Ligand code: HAM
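As structure tokens, one chain now follows by itself in the form predicted alone.
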């Protein structure tokens, strides 16, 4: 019988790598909550219409990448390809949006049928935030700064912010007209997808990844900045000035549009040079019309999403992975079978204090136990055997300086309680 393997484009996250994921996610939660964001968890599966209406039917995501199928009642359902639409749906369904600003963060798996490569899987994980209830450009700047400060807190140096604006409705409609007119002159040079999108959704031309099309966009097509209304221009300039005041450097990218139709005004990506050609760690922007298009009241909104796989690659590239894996506080070595139960009882008491303890529940050689203690990077080892039992003590070994001393149960509890403060 053939062994069952994981599907192409899906990856098992195994120890010790899973420890790094847990540690990073813990820090991310603390960072988001520091900015006043609350956790929201939405289903992995949604009605397909949700993504067609929000992301846009002419986007690569909807046209080529969604995992869409009919359920047993014939309804079209989709594994979520991104998080924003799901959060908006949940916020409207449960009436979470009112007069005040609401902030949500999420983390979890997303699904897109793409060609698997480093940092890009068919099941991938996103960390994201959404802020509702404000049209202020200062919220855009704060959102970008929160993303940059998160990477800095995790130890990533040298991230780059690419930024652009799509303007308001007036600006965007004007730009679509100018772009379509100029693009028609290059029709024969475009790839088949761009030729089709020219009339259906001209803005998606700028999202094409075909090199020959990118060259046309770079040299022969107009910039959105030429079409901005005074209001849209002021919004964008305010974002840039605030980033300057915060000391956050950025590069303006006129061809940056992102792959989703719901964006308005500010859009941005944050990149890192450790990721090669696919260098985006994440990105986002403002989407003032999305809530209304899905049946809600007009609501200003801004957010971002980070690709967790790419983040882990970047952390590993700067050798943060080893530093970030949390060590077990204590490994307990049992010299004989009677010591196993004694160690399990003491480990239970230690864990109630918040101490991370590793202890084997079955007999193993002392050599094997110390080998596992070293692998777990435990700074301390508590040893229990016949000699220690006769004295009513454990041997506490400091693995860093190889010193050890005898401690009673009460002394061990007091020692580790002090250590974890």
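Numbering follows the first chain given and starts at 1. In this text, all values refer to a predicted model and were calculated from it rather than measured experimentally.
Keep in mind that the form predicted in complex with the ligand is not shown, yet the notes after this line are about it.
Taking the partner from elsewhere, residue 171 is found to have every heavy atom lying beyond 4.5 Å of the ligand in the model of the complex. Mapping the unseen interface onto this chain, residue 329 falls outside it, with no heavy atom inside 4.5 Å of the ligand in the model of the complex. Remark: residue 334 does not count among the residues lining the ligand in the model of the complex, judged by a heavy atom distance of 4.5 Å or less.
For the chain shown alone, residue 207 is not a contact residue for the ligand in the model of the complex, no non-hydrogen atom being within 4.5 angstroms. Note on the interface: of 241 to 249, 80 to 88, 212 to 220, 336 to 344, the segment with non-hydrogen atoms within 4.5 angstroms of the ligand in the model of the complex is 80 to 88.
For the candidate spot formed by 41, 103 and 296, no residue has a non-hydrogen atom within 4.5 angstroms of the ligand in the model of the complex. Interface residue among 175, 151, 262, 190, judged by heavy atoms within 4.5 Å of the ligand in the model of the complex: 262. Contact annotation: of the candidates 305, 232, 194, 350, the single residue with a non-hydrogen atom within 4.5 angstroms of the ligand in the model of the complex is 305. Applying a 4.5 Å heavy atom cutoff to the ligand in the model of the complex picks out 119, 120, 121, 124, 126, 129, 130 from 115 to 143, in order along the sequence.
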